[in-house]
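First comes one chain, alone, set out as structure tokens in the form predicted alone.
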């Protein structure tokens, strides 16, 4: 019973973080803000969902495979976010100006 509650809490938390990241894509004004919103939420979202699935599977080979998937995502997701933002910066994409101060945030 406790494992089911923990599992569903992780699954719901991961799903909620996925929705928050999706809202961040639509709400933030420029590429870098959107990239930050998704880069932060996707790793934690995947971790919580995979943890919840692992708790549901119990101690099995499926749990081992889920742990390997998490390790892959844990290493590649932040790297991909950084590479994408770095490519945008080198491509000349400037951050949006801060309207309150009039300064460029780069």
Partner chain sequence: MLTAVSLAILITMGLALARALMGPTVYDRIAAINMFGTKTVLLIAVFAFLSGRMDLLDIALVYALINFIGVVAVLKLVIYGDFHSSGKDNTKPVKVD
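Positions refer to the first chain, counted from 1. In this text, all values refer to a predicted model and were calculated from it rather than measured experimentally.
Below, we refer to the form predicted in complex with its partner chain, which is not included among the displayed structures.
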Distance check, residue 95 to its partner chain in the predicted complex, heavy atom within 4.5 Å: no
Interface membership of residue 59, its partner chain in the predicted complex, 4.5 Å heavy atom rule: no
Residues in 14 to 47 close to its partner chain in the predicted complex, defined by a heavy atom within 4.5 Å, in order: 15, 18, 19, 21, 22, 23, 25, 26, 31, 34, 35, 38, 41, 42, 45, 46
